[in-house]
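The chain below stands alone, shown as structure tokens; this is the form predicted alone.
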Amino acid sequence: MLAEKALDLVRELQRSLDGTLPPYNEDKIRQVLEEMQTLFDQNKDKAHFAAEGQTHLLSAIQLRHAAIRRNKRCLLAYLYNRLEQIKKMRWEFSSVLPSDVKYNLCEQEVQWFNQYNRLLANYMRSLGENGGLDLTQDMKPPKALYVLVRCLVDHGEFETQDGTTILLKKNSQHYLMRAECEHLIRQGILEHIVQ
């Protein structure tokens, strides 16, 4: 069926909107592009017959052209939504993507993430005084400046803003500034203990 593979790409992405990003489906994208090229070549071969007055070919040409446009829209929707999910992950996971997420990205998406990361960092550095303002720090307004956290994995030493070094060992609990540990909480290294 015409444009079915492109629709499968969109369905695949729609099924995974639970927060996980499926692997980049390069094979199916290549198949869709090949189908588009085949349809375009068929239209190009028949176009001069239609111009000579054989109007019965016009409906076939229009059908193939509509299939090309549908494939194009589906491919663009697939790529756009993947980039939107990657952008959302930058705000969730900070500047370093988890390895399982990075494994599902193609090389161009990793480059796009790195470029977006640089642009966001430059923008945040330009805001405010004293070297900038971290916009990713508080995704939700904090209720308190200090929070009690438990370390979920052995992470090693962590230096706070005032120069104090804290050893983050598994199951250790610490009372830290929310701004300092927000990224570690989002990465799954620390867990916020609600009192």
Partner chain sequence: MQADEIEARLLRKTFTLFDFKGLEMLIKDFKRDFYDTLQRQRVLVLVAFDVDALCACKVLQYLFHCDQVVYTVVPVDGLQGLEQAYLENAEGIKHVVLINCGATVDIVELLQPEEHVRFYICDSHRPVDIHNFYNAVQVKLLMREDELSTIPSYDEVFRDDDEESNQSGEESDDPDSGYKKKRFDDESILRRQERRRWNEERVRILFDYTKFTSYGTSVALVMFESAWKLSKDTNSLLWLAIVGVTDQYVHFKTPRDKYMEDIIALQSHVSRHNQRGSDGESLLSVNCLRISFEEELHLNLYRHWTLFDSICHSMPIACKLRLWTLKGQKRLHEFLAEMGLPIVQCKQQFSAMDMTLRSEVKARMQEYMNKYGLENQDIVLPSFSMQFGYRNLLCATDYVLACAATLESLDASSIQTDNFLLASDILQRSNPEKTDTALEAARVQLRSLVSQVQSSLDMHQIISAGPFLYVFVQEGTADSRFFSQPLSLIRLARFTLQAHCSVTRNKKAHSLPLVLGAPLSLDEGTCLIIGIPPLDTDDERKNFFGKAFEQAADSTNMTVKCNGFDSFIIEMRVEDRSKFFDALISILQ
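Since the structure is predicted, the reported quantities are computational estimates derived from the model, not experimental observations. Positions refer to the first chain, counted from 1. Between two forms, the rigid core is the largest collection of C-alphas that superpose within 1.5 Å.
Just so you know, the form predicted in complex with the partner chain exists too; it's not on screen, but the next bit is about it.
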Is Arg30 close enough to the partner chain in the predicted complex to count, meaning some heavy atom within 4.5 Å? no
Is there a non-hydrogen atom of His155 within 4.5 angstroms of a non-hydrogen atom of the partner chain in the predicted complex? no
Quick one: is Gln37 in contact with the partner chain in the predicted complex, heavy atoms, 4.5 Å cut-off? no
Should Leu127 be classed as touching the partner chain in the predicted complex when contacts are defined as heavy atoms within 4.5 Å? no
Members of 150-172 lying within 4.5 angstroms of the partner chain, judged by heavy atom, in the predicted complex: Arg150, Glu157, Thr160, Thr164, Thr165, Ile166, Leu167, Lys169, Lys170, Asn171, Ser172
Verify the C-alpha shift of Leu127 between the shown form and the other one: is it 2 Å or more after superposing the core? no
Val149: CA shift of at least 2 Å between the shown form and the other one after core fit? yes
Examine Leu176 after superposing the rigid core and state whether its CA is displaced by 2 Å or more between the shown form and the other one. yes
